[in-house]
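Only one chain is included here, represented as structure tokens and corresponding to the form predicted on its own.
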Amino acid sequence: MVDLKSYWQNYIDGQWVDGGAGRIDIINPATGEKLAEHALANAVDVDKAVQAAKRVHLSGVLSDLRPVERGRMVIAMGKYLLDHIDQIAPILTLEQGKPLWESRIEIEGAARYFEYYGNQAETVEGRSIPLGSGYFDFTTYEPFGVSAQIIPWNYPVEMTARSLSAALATGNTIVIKTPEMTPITNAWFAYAAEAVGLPKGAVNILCGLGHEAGAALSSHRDVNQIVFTGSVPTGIAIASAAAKNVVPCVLELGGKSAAIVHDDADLEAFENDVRWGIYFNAGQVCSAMSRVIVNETIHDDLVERISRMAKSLKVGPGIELQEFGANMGAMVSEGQRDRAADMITEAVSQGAKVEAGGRKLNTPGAFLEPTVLSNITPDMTIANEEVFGPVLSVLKFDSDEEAIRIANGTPYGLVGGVFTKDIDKATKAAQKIRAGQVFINEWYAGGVETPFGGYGKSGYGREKGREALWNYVQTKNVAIKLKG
């Protein structure tokens, strides 16, 4: 049984409260039916949350702690998520659409962020700078203060954990705007904050529409730092609003990531990379392998292999897909599904060939078949714009230079991949690909420890790894003139 309340509230200053903008219906994408209602915040609610976070920050109750003590609380929040994974996972599946086993992986990944950044809390150290015998000079790092975090709907638990854990570890207080399509599971971060003893107002969580609550949060004068993951247009709007208050942002935006497959690549292993790269979470991943750029001599063989794999995937309601395996759930909404289906139709009109999938399922819910498109050319819309769905575009190349040119031919630059047994070829490609992370012979290689972020319209700033910690602190230099 899933313990799902019919109505969920926002969490502001340690209290569960209604929203000034009323309520919003949360839809189960696997059925199209109403799942629950959630409180909807307005600008007044946002201000209350920001003022609560500001009060806690100014009190010093978090920033004055010894970092190891703060880190222990952060680690404990991750343990809380794992202890409640059996409650959280089914609700995540019901509100987002992904298979139940994928939801469990997401929650485990979220807990790992808390473990990692909790352990990093006491490693944020300053340094002394020699200025000669008459001076003692040193640097310290201080939290920005109020961190506003606007979360995407595709990984509502893991993406919240990614920024929340790093912000707390460095002594910031937080206001989280949850995604309006998948807000429910964020409640467990409030439960965790209370369970580990964080002060009221340190963590605030509210659901609101982007144009209202999101806009109010990103333009708020008492917000000191902003983290956003989502679309390019929304990222531009947030950065523009923040710029008026000279507030720094971390933006993780879209991607049109490409895997370059050379003629000596292990194609059997690559089938598995495609499975994870484009069909995990129904392709609703910013770093998805949305393009495969393959040497023309192995093109037909590769297309046949990955098309066969795509056709073998079972597609159905995520709550029924409990075991790890070759399956895929619904997309997050019918609107998102229809957008992806329309892009497939447009690609076919421009000359693409559907090798697998390409259609909506003739059942209730936001389902789209795992799709493989061949005969794609770099000038096609689908080769340049993010689908954010289970749609793979396959392009050909006949020289290494052409492969790099195609890979770098979009405005994005989030991740890329190279598949070859030739380490020299792989290394040269990694140097030339315009992306913040390059995978060689395994898509999604790396982990919480490895920095992640984009070039170009994929955004700026880095999440994950130690690099992410510097997003949440300011450098202060202290210069002391010593008596002679």
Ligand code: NAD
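Being a predicted model, the structure only gives us computed values, none of them experimental. The first residue of the shown sequence is 1; numbering continues from there.
As for the form predicted together with nicotinamide-adenine-dinucleotide, it is not shown, yet the points below apply to it.
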is_contact(Asn295, nicotinamide-adenine-dinucleotide) in the predicted bound form, heavy atom dist at most 4.5 Å: no
4.5 Å heavy atom contact, Gly230 to nicotinamide-adenine-dinucleotide in the predicted bound form: yes
Contact flag, Leu82 vs nicotinamide-adenine-dinucleotide in the predicted bound form, heavy atom cut 4.5 Å: no
Distance check, Leu267 to nicotinamide-adenine-dinucleotide in the predicted bound form, heavy atom within 4.5 Å: no
Which of 316 to 324, 273 to 281, 204 to 212, 86 to 94 sits within 4.5 Å of nicotinamide-adenine-dinucleotide in the predicted bound form, heavy atom basis: 204 to 212
The single option of Thr371, Thr178, Ser163, Ser290 touching nicotinamide-adenine-dinucleotide in the predicted bound form, heavy atom within 4.5 Å: Thr178
Contacting member of Phe144, Trp153, Trp101, Tyr116, with respect to nicotinamide-adenine-dinucleotide in the predicted bound form [4.5 Å, heavy atom]: Trp153
Sequence-ordered residues of 378 to 392 touching nicotinamide-adenine-dinucleotide in the predicted bound form, heavy atom within 4.5 Å: Glu386, Phe388
